[in-house]
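Given as structure tokens, the chain that follows is alone and in the form predicted on its own.
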Amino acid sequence: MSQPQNFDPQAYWRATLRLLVATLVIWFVVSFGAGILFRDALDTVRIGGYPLGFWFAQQGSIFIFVGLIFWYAKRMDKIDREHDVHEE
């Protein structure tokens, strides 16, 4: 794969790092925050008879993580297209 003529590797790397940091922050807030740190506050809300903190710890975080994978892939594809390094 050849690089385009006006490819800026530093701008591409900055965009990739921003996306990676956003993804890791969401992952941390959902896994550690919702399941442990904010559990008491979330437990005041019930979904299907179960406290919301428990729901996040058991299955809600998994749904969000799967959605996060698709979101990350779509955003990474957009960054590749913006910098013209995408695959056909």
Partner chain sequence: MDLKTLTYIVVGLSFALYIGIAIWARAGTTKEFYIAGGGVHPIVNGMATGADWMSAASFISMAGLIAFLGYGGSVYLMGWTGGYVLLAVLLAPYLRKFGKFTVPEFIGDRYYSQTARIVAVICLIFISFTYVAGQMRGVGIVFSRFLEVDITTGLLVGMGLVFFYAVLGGMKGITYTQVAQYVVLIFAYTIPAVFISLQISGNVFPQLGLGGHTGEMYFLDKLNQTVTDLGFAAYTAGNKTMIDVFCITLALMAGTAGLPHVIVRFFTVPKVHDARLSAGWALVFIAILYTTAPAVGAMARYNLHATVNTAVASGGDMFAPDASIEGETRPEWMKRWEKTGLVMWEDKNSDGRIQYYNDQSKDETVLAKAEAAGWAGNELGSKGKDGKFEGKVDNDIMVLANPEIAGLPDWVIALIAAGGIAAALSTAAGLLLVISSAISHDLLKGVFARNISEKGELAAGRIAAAVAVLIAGYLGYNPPGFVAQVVAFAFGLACASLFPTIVMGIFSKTMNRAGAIVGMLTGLSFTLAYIVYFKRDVLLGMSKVPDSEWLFGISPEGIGVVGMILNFAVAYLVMKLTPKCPDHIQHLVEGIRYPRGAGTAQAH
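Predicted model only: the values in this text are computed from it and were never measured. Numbering follows the first chain given and starts at 1.
Omitted here: the form predicted in complex with the partner chain. The next part is about that form.
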Would residue 58 count as a contact of the partner chain in the model of the complex, using a 4.5 angstroms cut-off between non-hydrogen atoms?
-> yes
Contact of residue 45 with the partner chain in the model of the complex (heavy atom, 4.5 Å) | no
Touches the partner chain in the model of the complex: residue 66 (any heavy atom, 4.5 Å) = yes
Looking in the model of the complex, any heavy atom of residue 11 within 4.5 Å of the partner chain?
-> no
Taking the partner chain in the model of the complex, which residues along 13-28 bring a heavy atom to within 4.5 Å of it?
-> 13, 16, 17, 20, 23, 24, 27, 28
